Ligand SMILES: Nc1ncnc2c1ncn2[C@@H]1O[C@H](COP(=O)(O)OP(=O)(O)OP(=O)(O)O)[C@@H](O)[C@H]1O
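Presented below, as structure tokens, is a lone chain in the form predicted on its own.
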């Protein structure tokens, strides 16, 4: 009942006049069959009884009722469709609002939440409409059933009572079937998601090259088919069980109808019933059977929809993945520093520690470079600075204000970022840059200026429609039918677009550059870094890069290893210290120097990943029960699955 009430409230907010009209027309449609049966009975009695009365008024009323029946059906269909359209818009708004109100990333990196989200999306697509439609159809069926029951009770109370009692097991059977269908939907959602995923790989432009190259079409087709067969088996099983349970109810109903018909015919033969009484009794008895079946079917549909609609409703009840301050403090202009104080972090209580007691200061106006081998927590640290997650332990201060005390949206307005796994949106070239600051997305001068600074303006200008060109091969350009498909950019050009997107926020207090040039050639990389130097002049910048030559001019270079800061200083200071940074720098330099030009490089001292890091992926949430070691920068793998020590300790 709560789901039905919530769905009706949703439909009422979407279009109250349409819902009211839909209910009214449906109730009238439920009354008309009983009225028609009574008018036919009266007409037959007047025809067969001497002096039965005038026929024309009854005939005209019957014509009017028949016309009303003919008109209410298309009217109800139109109002149902109109309610569906209004409801669809409203549900989409509430669905997306429910997703957008979650300020962090924790829920979205949880497979269980992704299952719930998919269930909610599926429920949002049809459950509210099914609930409203089923309730209204059930109301219509109830009105129809009530009218015919009254008629049968007048003629034969015993038969009316028996017919009414037969509705109880039918309703119970249908409700049980609806519950089982909803349970199957819930239990097989993981299979459905995997089936959709495998199917999407076969047409995804990001994977299509490898699919064709490695001849993976049949492999993923078979996997998608296996998941779908699992879903189909579960659905078939519950439908067969429902069919077996419905057969006895249907046979019993047919037997009652046959008994009632036999009694009515014999009663009419004895003169106890008129021809009109016999007609209305037969019509009413058959109508009751139809009404019970319709009511049971709509009740089952409504019950199933109510159970699935619960997934939509509970999405709104998912607690935020960040604890939001009841009265957020304003985010001041950054004048001093951003401080990480004894920051520990892991993605779940069962997963290994990614950050282990990090103390770091980002001084306003300075460039800080963060380096280290893969899996040491660099990208995770970026997520914490953007407050996509909160530290498991410790604090991050913005000029002394704890980030937990500010609104995440206000904080992010003061940040600009080029992420390692930047987004490639199927939007126009101008939109792909302008979304860096949506308020200025229509400012062509700012968008072109950001593109110019990122060195991608000449390429975008040469596109078929310039900045209005859709960067997609999935959608055609909006406009007339047959419009040309979009165009594609190379990986390096996309990276420049991502940098231009960050340049839309050149006034940001903190700029985060996570591998901003990993996909560029040497000349383009130099050009981008020249632009970045201009852009970040006087700004507070955090640069993350595996190419140590790009960070040597930073005010401070910080080495992260095993989730801890192991070294800190300028390039010259760290080279003089001859630690992890110096070793990695010499390793990279050795690849560009003539043979024998660089001495003292111990290539075997570090793992291969230290020499040729993979530029994508970042730090992923650790799975429960999966030990994960991290490289300490010297080739040893350290177990990072250790609990933190008491407050103030530096090692767990």
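Bear in mind the structure is a predicted one, so any value in this text is a computation, not a measurement. Positions refer to the first chain, counted from 1.
Keep in mind that the form predicted together with the named molecule is missing from the display, and what follows is about it.
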query	finding
Stretch in contact, per heavy atom within 4.5 angstroms of the named molecule in the predicted complex, of 129-137, 366-374, 90-98, 391-399	366-374
Partner contact for residue 109 in the predicted complex: the named molecule, 4.5 angstroms, heavy atom	yes
Any non-hydrogen atom of residue 354 within 4.5 angstroms of the named molecule in the predicted complex	yes
Non-hydrogen atom contact residue 151 with the named molecule in the predicted complex at 4.5 angstroms	no
Close approach of residue 311 to the named molecule in the predicted complex, 4.5 Å, heavy atom	no
Answer option from 181, 546, 437, 529, heavy atom within 4.5 Å of the named molecule in the predicted complex	546
Single option in 279, 517, 380, 289 placed near the named molecule in the predicted complex, where near means a heavy atom within 4.5 Å	380
Residues in 405-440 with any heavy atom within 4.5 Å of the named molecule in the predicted complex	420
